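Just one chain follows, in the form predicted alone, and it is written as structure tokens.
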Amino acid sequence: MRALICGAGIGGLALAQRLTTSGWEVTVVERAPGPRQQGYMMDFFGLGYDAAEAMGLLPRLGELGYRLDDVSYVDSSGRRRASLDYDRFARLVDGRLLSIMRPDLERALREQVEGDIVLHYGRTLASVETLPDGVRAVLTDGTVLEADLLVGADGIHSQVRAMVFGPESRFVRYLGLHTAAYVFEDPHVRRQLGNRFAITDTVGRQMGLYALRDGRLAAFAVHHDPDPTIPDDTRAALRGTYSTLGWVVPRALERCPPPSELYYDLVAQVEVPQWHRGRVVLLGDACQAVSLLAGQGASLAVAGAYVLGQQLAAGGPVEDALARYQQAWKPIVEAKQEVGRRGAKWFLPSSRARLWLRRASLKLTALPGWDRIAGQGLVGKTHLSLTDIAADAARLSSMQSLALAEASGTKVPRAAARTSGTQARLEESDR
């Protein structure tokens, strides 16, 4: 079987690894001219951590990851106003947590598939033709490729989704925020940070800074903006928006790289009713973006790729595997998206009153019992495992087989299921 994956990001590379272990021939195309260096620090835990362990990826992630002391919210003079202890957060997930830069996570995944896949940078799809048993794609360099499966793992602004499922405006929910990230060098700022992730304790906009192991620093910024238009000059826009925050922020802005080296995008969620059409399927942010407000985007991308790869490896018609993947995985994503929408007002306070309430909430996390309450808001209530999700998919596979048998005239008993087991457990956890 042959798969064409559009997007060499976290989801695309994770799926490539799963498919090659099942004997698939995999070709990956990526619009960027090479591996992307832009991106921010992520907390990696949950189902993605479990999937990474099953894929043999954890040792390498441990080498590339970071150990932070805490997240500190600081005022315009650098004085700490509130903080979140990383060790306490790690205990909430039984220590199964690491912090890692997005480019480093992609690097670890890419290393796992080197020599096993064909990877083309600087190319993307020019056109797609769906066939009864696959797809025919023409790349921007004129190359024609035929495959049994086309995977759109090309992010929030997915080209595969636009070509096969419809325009972006139908699926992307803008959450009223712009975000940016970049790396720079400044010894003075590095001394000010130490081994913490420092974030400005501000209203309507905030910048976070943290040190990297190679002597560089990383900046992360987010601000409210009712306009979902990315500015033409992102560096100028960043400097104009954050220049009055005080502390070391002006120095960090002076060292902001040109737009070509700056990550800048909208904070948004993606909601696609049907993730697959024929032999085309969406993966990662192309269909399940939860936004940085919800967190776990990278973790969900790895876990979603693991679930999809698992269903394709199970055999049977490809279309049935895609249906099982959506039914088992979509409820998980929708629950996490809801967490993100509920937490938006606390992630970046829009008033002094909300800022004060966030400070008070963070102080409460130091009290016994309150840390678990706060942790549920970050992690979510559910405790589903990859095994639970696989069992749901297997149950659906059995139902599909029974339906085919009945359609052929064979009499078999079948229990009706109004919701998937995953959905039922999610609903139970909310009661």
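A residue's number is simply how far along the shown sequence it sits, counting from 1. A quick note: this is a predicted structure, and the numbers were derived from the prediction, not measured.
Below: the form predicted together with a small molecule, not depicted.
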Q) Is there a non-hydrogen atom of Y40 within 4.5 angstroms of a non-hydrogen atom of the small molecule in the predicted complex? A) yes
### Task
Consider V29 of the chain shown here, and say whether it contacts the small molecule in the predicted complex, taking contact as heavy atoms within 4.5 Å.
yes
- Query: Just to confirm, A298 within 4.5 Å of the small molecule in the predicted complex by heavy atoms?
  - Reply: yes
| query | in the predicted complex, does T241 have a heavy atom within 4.5 Å of the small molecule? | reply | no
Per contact check vs the small molecule in the predicted complex (non-hydrogen atom within 4.5 angstroms), the hit among 155-163, 141-149, 223-231, 75-83 is 155-163
The one residue among W247, Y174, Y263, W346 placing a heavy atom within 4.5 Å of the small molecule in the predicted complex is Y263
Among R110, R96, R123, R235, just one has a heavy atom within 4.5 Å of the small molecule in the predicted complex, namely R123
